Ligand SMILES: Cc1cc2nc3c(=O)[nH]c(=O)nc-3n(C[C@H](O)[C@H](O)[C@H](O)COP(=O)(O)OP(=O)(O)OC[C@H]3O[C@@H](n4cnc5c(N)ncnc54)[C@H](O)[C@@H]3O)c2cc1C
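Listed next as structure tokens is one chain, alone, in the form predicted alone.
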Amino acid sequence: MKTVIIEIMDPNRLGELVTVSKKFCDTPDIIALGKGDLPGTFGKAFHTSETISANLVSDISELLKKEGYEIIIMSATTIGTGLAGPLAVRLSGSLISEVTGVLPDLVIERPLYGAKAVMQCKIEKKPLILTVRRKYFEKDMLEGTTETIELPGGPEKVILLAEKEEKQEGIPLEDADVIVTGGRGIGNAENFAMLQDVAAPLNGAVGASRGAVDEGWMPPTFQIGQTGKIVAPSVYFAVGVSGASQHLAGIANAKCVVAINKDEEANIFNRARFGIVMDYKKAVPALIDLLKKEV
């Protein structure tokens, strides 16, 4: 099936979407957004430096019609979500958001009810537009670069007046293989330094629950959950996290959850593979000492 990826030129996102695209074709085409060289090998490769969804819909929809794409794949990010709905309307296509699995015969999986259930859809109408959750598919190894064809720029419907770049040290939460998250049970902002001492030896990242963010202890960009970042690390430490359903939805694909909480009835223990019922101020220093010896 004729397949195209629409994504910013980020190797991690592109690698995941290439893996998804290979469920439908051998080599996908791409509409690359943003600046820089395009990593990987693609069929036709189009490019625009524009990244505001409202300014892209008209030109991209015309290109999709002209090329006759049957499968259109994007990440379930701000840009992908902003493009998917309008493109589905203009193309009279089918749309499935937050995709977590692609099975044979065009059966698509996505989570429901905060990841408490999985819906399977068999799609018969094309074009099919998919937004794919980050970290649910292994990254394809992108080799080399591909020359691109510049898309003509249309009139700007939305003008960017200002842009503030928030620099985050270390590995982005979406790409981290180990995440150490603090909840409201951490008590204050200063105690998050202790979590950094756990994450650093493991080359991991520090996150926060919505409760901790609401308290002002960590910026919103560190929030993990249904209304924050969706993550899928190999190991996820939940320290002082109660385990609200919205938070659990954000870690549904974490491979191993380790919970530390002094409340033995905390909901996070229902998701955890390993649990420590103890005040984290006693458990975490012991873990830090162990990491210093072993890592």
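Please read all numbers here as calculations on a predicted model, not as lab measurements. One-based numbering along the sequence shown.
Form predicted together with the ligand: not shown, discussed below.
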Has each of G185, A244 and I260 got a heavy atom lying within 4.5 angstroms of the ligand in the predicted complex? yes
Of the candidate stretches 71-79, 96-104, 218-226, 120-128, the one with residues having heavy atoms within 4.5 Å of the ligand in the predicted complex is 218-226
If the cut-off is 4.5 angstroms on heavy atoms, which of these, A45, L64, A254, A266, is the one near the ligand in the predicted complex? A266
Do A212 and the ligand share at least one heavy atom pair within 4.5 Å in the predicted complex? yes
According to a 4.5 angstroms non-hydrogen atom cut-off, is G240 in contact with the ligand in the predicted complex? yes
Would you please decide whether M278 lies within 4.5 angstroms of the ligand in the predicted complex, comparing each non-hydrogen atom pair? yes
